[in-house]
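The chain that follows stands alone, in the form predicted on its own, written as structure tokens.
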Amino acid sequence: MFDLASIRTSLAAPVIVAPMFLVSCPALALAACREGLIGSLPAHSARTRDQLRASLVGMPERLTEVRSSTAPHGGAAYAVNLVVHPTNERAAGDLELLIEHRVPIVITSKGAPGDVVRRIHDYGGLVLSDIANQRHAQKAADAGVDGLIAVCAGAGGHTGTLNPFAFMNEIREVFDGPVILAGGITTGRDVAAAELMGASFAYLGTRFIPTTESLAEEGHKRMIIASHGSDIFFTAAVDGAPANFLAASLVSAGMSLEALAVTPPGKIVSVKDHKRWKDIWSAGHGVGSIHAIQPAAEVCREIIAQYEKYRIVR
């Protein structure tokens, strides 16, 4: 049986490297685990169920190797993101694979976790649920999740819109369990600040896009390095859900930022000769603090060193 508090004490810093569509992969997840953070994978990045199975096969053994070769941290756990929205036709089958491979932490997104919690709890796994407002928090809490991922304004990709201070206060009115704070977090100093706000973990995605292990296009990585927070554009017109994108990638795809800004809710703007997410690239507000393409291990070590410097020992 897995326990979030025990996992936390075994980490070098309270960080979950977020599962990013078409970016995260086993190599990136394991690199994070090796350095004492929690790595993750998105189930929906695997184009078929067989590809997802191949990603999961051997993960327990690889984590065991990490634990035996890394001291005092490393290999505590990894996570897999499962999209539970009804439009995900693979959700049921992917869930069976996660159960078969006893994934330690399952992250549900784009919907209420529903029966997923019971199924994962049956083998002792943990369920974290993405939330963007207090109503989501209450539903997830009622479902019995082990932790909430508070997706605040500034998160890359699909995002929330609430200020993290305000959102944390609203969450604490309905949930007293672990909260994982997401949105614009890129440094160990940010992680320490999230912890001071009452978060149990910080959720970092954009910081790991320009890593050598990342599956992101080289252009995506370079654009992040060249960007600042003001270069991030918020719109729901790309795929129907509110998300943050690199403005330059929207323009490169032939989209007008002025037109996107006035596109009514619920309308999706067509994109000719470009694929959403593959050619139109997401990132969070924290891009301005990212300056190089690095191995994931280096990024992890920088975050851990900063966290050690700024964290408050209680």
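Just count from 1 along the sequence shown to find any residue number. None of these values were measured; they are calculated from a predicted model.
Omitted here: the form predicted in complex with a small molecule. The next part is about that form.
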### Query
Taking heavy atoms only, is P42 within 4.5 angstroms of the small molecule in the predicted bound form?
yes
### Query
Does the small molecule come within 4.5 Å of any heavy atom of A18 in the predicted bound form?
yes
### Message
Quick check on G188: any heavy atom within 4.5 Å of the small molecule in the predicted bound form?
### Response
no
#### Entry: in the predicted bound form, Y78 touching the small molecule (heavy atom, 4.5 Å)
no
### Check all three, D130, G184 and I209, heavy atom within 4.5 Å of the small molecule in the predicted bound form
yes
### Message
Within 4.5 Å, heavy atoms only, which of P164, G147, G205, G125 is in contact with the small molecule in the predicted bound form?
### Response
G205
### Task
Report the residue, out of P104, G74, G157, P113, that has at least one non-hydrogen atom within 4.5 angstroms of the small molecule in the predicted bound form.
G157
### Task
Heavy atoms, 4.5 Å, the small molecule in the predicted bound form: which of 277 to 285, 261 to 269, 25 to 33, 47 to 55 makes the cut? Say which one.
277 to 285
